[in-house]
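Encoded as C-alpha coordinates, the following chain is the form predicted alone, with no partner shown.
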(Lines give C-alpha, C1' and ligand atoms only; values in the text may rest on other atoms or scores of the structure.)
Protein backbone atom coordinates (compact mmCIF):
# COMPACT_ATOMS: atom_id res chain seq x y z
CA UNK A 1 0.00 0.00 0.00
CA UNK A 2 1.42 3.35 -1.00
CA UNK A 3 0.98 6.68 0.70
CA UNK A 4 -1.61 8.72 -1.08
CA UNK A 5 -1.82 12.51 -1.07
CA UNK A 6 -4.82 14.02 0.70
CA UNK A 7 -7.80 15.02 -1.41
CA UNK A 8 -7.55 18.46 -2.99
CA UNK A 9 -10.29 19.90 -0.75
CA UNK A 10 -8.86 18.67 2.57
CA UNK A 11 -8.26 22.13 4.08
CA UNK A 12 -11.23 24.05 5.39
CA UNK A 13 -10.96 27.45 7.02
CA UNK A 14 -11.62 27.56 10.79
CA UNK A 15 -15.17 28.37 11.74
CA UNK A 16 -17.34 28.77 14.83
CA UNK A 17 -15.68 27.96 18.17
CA UNK A 18 -12.39 27.15 16.47
CA UNK A 19 -12.10 30.77 15.28
CA UNK A 20 -12.92 31.99 18.79
CA UNK A 21 -10.15 29.89 20.37
CA UNK A 22 -7.60 30.92 17.76
CA UNK A 23 -8.53 34.56 18.39
CA UNK A 24 -8.21 34.15 22.16
CA UNK A 25 -4.80 32.51 21.76
CA UNK A 26 -3.57 35.35 19.54
CA UNK A 27 -4.90 37.97 21.98
CA UNK A 28 -3.10 36.23 24.86
CA UNK A 29 0.13 36.24 22.83
CA UNK A 30 -0.22 40.00 22.30
CA UNK A 31 -0.92 40.60 25.99
CA UNK A 32 2.17 38.61 27.01
CA UNK A 33 4.23 40.41 24.37
CA UNK A 34 3.33 43.74 26.00
CA UNK A 35 3.52 42.57 29.64
CA UNK A 36 6.99 41.02 29.52
CA UNK A 37 8.83 44.30 28.78
CA UNK A 38 6.46 46.14 31.14
CA UNK A 39 7.38 43.88 34.07
CA UNK A 40 11.02 44.00 33.09
CA UNK A 41 11.05 47.80 33.31
CA UNK A 42 8.44 48.49 36.00
CA UNK A 43 8.03 45.27 37.98
CA UNK A 44 11.20 45.58 40.08
CA UNK A 45 11.69 41.83 39.76
CA UNK A 46 15.03 41.81 37.99
CA UNK A 47 18.45 41.37 39.50
CA UNK A 48 21.09 44.03 39.14
CA UNK A 49 22.81 41.80 36.62
CA UNK A 50 26.00 41.99 38.66
CA UNK A 51 28.12 38.82 38.62
CA UNK A 52 31.82 38.17 39.01
CA UNK A 53 33.96 35.16 38.19
CA UNK A 54 35.41 33.56 41.33
CA UNK A 55 36.64 30.10 42.17
CA UNK A 56 34.27 28.14 44.42
CA UNK A 57 37.01 27.72 47.07
CA UNK A 58 37.74 31.47 47.13
CA UNK A 59 34.03 32.22 47.55
CA UNK A 60 33.83 29.67 50.37
CA UNK A 61 36.76 31.42 52.09
CA UNK A 62 34.93 34.78 51.79
CA UNK A 63 31.80 33.23 53.31
CA UNK A 64 33.79 31.76 56.21
CA UNK A 65 35.37 35.17 56.90
CA UNK A 66 31.92 36.79 56.73
CA UNK A 67 30.55 34.25 59.24
CA UNK A 68 33.53 34.71 61.56
CA UNK A 69 33.10 38.51 61.60
CA UNK A 70 29.30 38.69 61.88
CA UNK A 71 27.97 35.61 63.72
CA UNK A 72 25.31 36.50 66.32
CA UNK A 73 24.06 33.03 67.23
CA UNK A 74 23.35 29.59 65.89
CA UNK A 75 20.47 27.30 65.08
CA UNK A 76 21.51 23.68 65.29
CA UNK A 77 24.81 23.44 63.40
CA UNK A 78 24.09 26.52 61.26
CA UNK A 79 25.43 29.93 62.30
CA UNK A 80 23.09 32.93 62.32
CA UNK A 81 24.90 35.87 60.77
CA UNK A 82 23.89 39.55 60.84
CA UNK A 83 25.74 41.79 58.38
CA UNK A 84 25.92 45.53 59.06
CA UNK A 85 22.98 47.48 57.53
CA UNK A 86 23.87 48.58 54.01
CA UNK A 87 26.68 46.03 53.87
CA UNK A 88 27.44 42.84 52.04
CA UNK A 89 25.87 39.50 52.97
CA UNK A 90 27.15 36.15 51.71
CA UNK A 91 25.18 32.98 51.05
CA UNK A 92 26.73 29.71 49.90
CA UNK A 93 24.79 26.94 48.16
CA UNK A 94 26.21 23.46 48.52
CA UNK A 95 24.85 19.95 48.47
CA UNK A 96 22.33 20.03 50.25
CA UNK A 97 22.23 23.20 52.29
CA UNK A 98 22.29 26.98 52.25
CA UNK A 99 25.00 28.42 54.48
CA UNK A 100 24.67 30.48 56.73
CA UNK A 101 21.31 31.66 58.08
CA UNK A 102 21.08 35.41 57.42
CA UNK A 103 19.53 37.86 59.86
CA UNK A 104 18.70 41.19 58.21
CA UNK A 105 17.02 44.43 59.33
CA UNK A 106 13.73 45.48 57.72
CA UNK A 107 14.02 48.59 55.57
CA UNK A 108 17.80 48.31 55.14
CA UNK A 109 19.45 47.57 51.79
CA UNK A 110 22.00 44.78 51.46
CA UNK A 111 24.16 43.42 48.67
CA UNK A 112 23.57 39.67 48.76
CA UNK A 113 26.44 37.64 47.26
CA UNK A 114 25.40 34.12 46.28
CA UNK A 115 27.42 31.31 44.75
CA UNK A 116 27.57 27.53 44.63
CA UNK A 117 30.38 25.36 45.90
CA UNK A 118 29.66 22.28 43.80
CA UNK A 119 26.90 22.21 41.15
CA UNK A 120 24.11 24.39 39.79
CA UNK A 121 21.43 25.26 42.33
CA UNK A 122 18.28 27.36 42.18
CA UNK A 123 17.65 30.22 44.63
CA UNK A 124 13.96 30.78 45.30
CA UNK A 125 12.97 33.06 48.17
CA UNK A 126 9.50 32.25 49.48
CA UNK A 127 6.88 33.71 49.55
CA UNK A 128 8.42 36.35 47.27
CA UNK A 129 8.73 35.92 43.54
CA UNK A 130 12.54 35.60 43.41
CA UNK A 131 14.10 32.90 41.29
CA UNK A 132 17.78 32.79 40.26
CA UNK A 133 20.14 30.15 38.97
CA UNK A 134 23.25 29.85 41.12
CA UNK A 135 26.24 28.52 39.23
CA UNK A 136 29.65 27.55 40.65
CA UNK A 137 32.43 29.91 39.67
CA UNK A 138 30.26 33.04 39.72
CA UNK A 139 29.48 35.48 42.53
CA UNK A 140 25.93 36.66 41.80
CA UNK A 141 25.14 39.96 43.55
CA UNK A 142 21.52 40.83 44.34
CA UNK A 143 20.53 44.12 45.93
CA UNK A 144 17.72 43.44 48.37
CA UNK A 145 15.75 45.57 50.83
CA UNK A 146 13.60 43.42 53.11
CA UNK A 147 10.37 45.21 53.98
CA UNK A 148 8.44 43.02 56.42
CA UNK A 149 9.79 41.24 59.52
CA UNK A 150 9.51 37.46 59.56
CA UNK A 151 11.25 34.27 58.54
CA UNK A 152 11.66 33.70 54.81
CA UNK A 153 12.44 30.28 53.36
CA UNK A 154 15.09 29.71 50.71
CA UNK A 155 14.39 26.72 48.48
CA UNK A 156 16.63 25.11 45.88
CA UNK A 157 14.48 24.76 42.78
CA UNK A 158 17.10 23.11 40.58
CA UNK A 159 17.41 19.35 41.11
CA UNK A 160 20.78 18.84 42.78
CA UNK A 161 20.80 15.23 43.85
CA UNK A 162 19.30 12.71 46.21
CA UNK A 163 18.71 15.12 49.14
CA UNK A 164 17.48 18.00 46.97
CA UNK A 165 14.14 18.01 48.81
CA UNK A 166 15.94 18.92 52.06
CA UNK A 167 17.90 21.88 50.66
CA UNK A 168 16.12 24.62 52.57
CA UNK A 169 17.65 27.77 54.02
CA UNK A 170 16.41 30.75 55.94
CA UNK A 171 16.55 34.54 56.05
CA UNK A 172 15.33 36.15 59.26
CA UNK A 173 14.16 39.75 58.99
CA UNK A 174 13.96 41.75 62.23
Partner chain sequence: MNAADITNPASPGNNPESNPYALNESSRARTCDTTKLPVCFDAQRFIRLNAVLAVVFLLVGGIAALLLALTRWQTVHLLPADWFYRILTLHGFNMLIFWILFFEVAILYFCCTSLINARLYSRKVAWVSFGMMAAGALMVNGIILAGKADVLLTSYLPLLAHPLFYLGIIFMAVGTLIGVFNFFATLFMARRHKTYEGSVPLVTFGATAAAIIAVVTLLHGAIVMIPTFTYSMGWTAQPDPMWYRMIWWGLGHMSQQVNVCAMVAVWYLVATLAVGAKPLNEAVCRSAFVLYILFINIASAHHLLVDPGVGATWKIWNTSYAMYLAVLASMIHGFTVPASVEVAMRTKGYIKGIFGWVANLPWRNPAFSAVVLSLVIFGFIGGITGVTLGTQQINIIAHNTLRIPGHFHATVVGGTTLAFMGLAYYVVPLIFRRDYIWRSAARIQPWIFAGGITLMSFGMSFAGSMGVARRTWDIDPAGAVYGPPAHVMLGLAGIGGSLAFIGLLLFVLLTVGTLLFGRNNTGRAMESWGEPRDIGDAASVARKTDKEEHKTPGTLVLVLIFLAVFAVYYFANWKALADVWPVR
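These figures come from a predicted structure and were not determined experimentally. Superpose the two forms; the largest set of C-alphas matching within 1.5 Å is the rigid core. Residue numbers count along the first chain shown, from 1.
The form predicted in complex with the partner chain exists for this protein as well; it is not shown, and the discussion that follows is about that form.
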query = Does any heavy atom of residue 61 come within 4.5 Å of a heavy atom of the partner chain in the model of the complex?
reply = no
ask   = Looking in the model of the complex, any heavy atom of residue 66 within 4.5 Å of the partner chain?
value = no
inquiry  = residue 54 versus the partner chain, in the model of the complex: is there a non-hydrogen atom within 4.5 Å?
reply    = no
query = Is there any non-hydrogen atom of residue 113 lying within 4.5 Å of the partner chain in the model of the complex?
reply = no
query = Within 8 to 28, which residues come within 4.5 Å of the partner chain in the model of the complex, counting heavy atoms only?
reply = 10, 11, 12, 13, 14, 17, 18, 20, 21, 22, 24, 25, 26, 28
key: Rigid core superposition, residue 14 Cα moves 2 angstroms or more between this form and the one not shown   = yes
message = Once you overlay the rigid core, does the Cα of residue 148 travel 2 Å or further between this form and the one not shown?
response = no
query = Rigid core fitted, then: does residue 23 show a CA shift of 2 angstroms or greater between this form and the one not shown?
reply = yes
